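Only one chain is shown below, in structure tokens, and it's the form predicted alone.
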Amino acid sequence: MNILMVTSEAAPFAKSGGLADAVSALAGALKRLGHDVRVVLPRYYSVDKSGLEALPGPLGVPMGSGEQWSGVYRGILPGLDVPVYFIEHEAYFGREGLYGSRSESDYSDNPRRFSFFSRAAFQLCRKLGWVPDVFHAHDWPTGLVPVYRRFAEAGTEFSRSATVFTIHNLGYQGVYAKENFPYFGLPWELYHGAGLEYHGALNLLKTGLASADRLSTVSPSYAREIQTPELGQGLDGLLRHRSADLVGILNGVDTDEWNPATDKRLPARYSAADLSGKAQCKTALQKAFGLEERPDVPLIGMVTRLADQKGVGELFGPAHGSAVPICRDMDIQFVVLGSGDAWCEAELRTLSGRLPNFRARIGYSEDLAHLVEAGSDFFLMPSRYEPCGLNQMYSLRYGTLPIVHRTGGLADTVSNYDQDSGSGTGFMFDHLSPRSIYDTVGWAVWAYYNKREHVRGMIRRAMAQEFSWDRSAREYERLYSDALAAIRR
């Protein structure tokens, strides 16, 4: 199949979160299965074009009542042999940030920026003389791709191309003033007819959900959860209406980058057959965070964005969070690496100075992230919701048992400990609250001290889990075939 990934992010060129890694990894896995996969994204100011090839001639993009012009550059996804094309438009993309800046967190012209980019994807294919079987669009910035294919490109060479739209996080929907609509170059009847209308505004994610031939999200449990009022973010009715076209496909992980047997970022490497290197990593982690070097104490790690979605209020809230009683009541150590909400950063600094067994680093370091995964005994993820999650999968590969809220991809990848049989790969709670976090951490700590053979079996079981992108790519193959069969009927 010819597959075009239309995305606002792709690693290593432009990244603000897991979307970038997922798109690039999936493209590489589909390429290995023999498909002609290509990626298109904006040429942001941060993308150095000196190493890219400029395609000759401008690219004309019909927008509003006229036409706008852009350039196109070509590169390769490193190590994946996948062509990636960059849409060059200085006024839209030659600025700080992908979606906003320090002074303007959400650019007011994002609807124009990304509608232009979505329409340019079709013009790029014309320029290349290449017709995709599938346009695979990702998240709200590309929500107009299915609309343009269905309405603006009806009767063109793309009329038999299918569209697949993937929701990476329903919490970000691209809601903007409807005064931007005329720029899209679509008739006003499509404001309602293509699902753009949202309480008198525009919703770019909603229109993708309404117009794409098939829908996916990044885990089976999240696909079910977003069809409920609790986690549907106001779109649960539409998602229930389209439930027959929606599937949850679990993201994979980069099994070369995240492999404790070969990880060059670690002071010692290890495997399920020989865990001695993990003990060395624990000592190195304690040193790195200024904790007492104790091999016998359970060490809990976190690498997280400090935001409400991640459960940081229930864990670190100054008046009610469970972190203080956990560190006060239990013989444990606790390390956190992350950044985000200002109040939480301030609280972590306070706790680091107040609690002898708690340390936090504000910011992000890839080396430290790997060390936390390898050196910790448990990895805490009390997310309010988690579309897929990657850190719990990294933790399982590194023999670090997850402590998680049973939601989204966490529920799909971690199996709960049974203290009678010793089965399971982690510890789970069903309802997010300070008390449930405290009790579940306590349960894990109890098992560490009292059921050591169970814990060793859980570690071996965790490290045997399979989370490669090849599995996910085969599921996307089936989804693409289903979308093509539907449109060609």
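Numbering starts at 1 and runs along the sequence shown. Source: prediction; values computed, not measured.
Just so you know, the form predicted together with adenosine-5'-diphosphate exists too; it's not on screen, but the next bit is about it.
- Candidate site formed by D21, A369 and M381: every one of these residues places a non-hydrogen atom within 4.5 angstroms of adenosine-5'-diphosphate in the model of the complex.
- Residue G363 is the only one of G290, G363, G200, G129 with a heavy atom lying within 4.5 Å of adenosine-5'-diphosphate in the model of the complex.
- Residue in contact with adenosine-5'-diphosphate in the model of the complex (any heavy atom within 4.5 Å), chosen from F358, Y148, Y394, F114: Y394.
- Proximity of Q309 to adenosine-5'-diphosphate in the model of the complex falls within the 4.5 Å heavy atom cutoff.
- Proximity of S161 to adenosine-5'-diphosphate in the model of the complex: non-hydrogen atoms within 4.5 Å are absent; the residue sits far from the partner.
- Proximity of L315 to adenosine-5'-diphosphate in the model of the complex: non-hydrogen atoms within 4.5 Å are absent; the residue sits far from the partner.
- Within this chain, S221 is remote from the site of adenosine-5'-diphosphate in the model of the complex, having no heavy atom within 4.5 Å.
- Just one listed stretch, out of 268-276, 385-393, 229-237, 96-104, contacts adenosine-5'-diphosphate in the model of the complex at the 4.5 Å heavy atom level, and that stretch is 385-393.
- In the model of the complex, L337, G338, S339, G363, Y364 are the residues of 327-364 with at least one heavy atom within 4.5 Å of adenosine-5'-diphosphate, listed from first to last.
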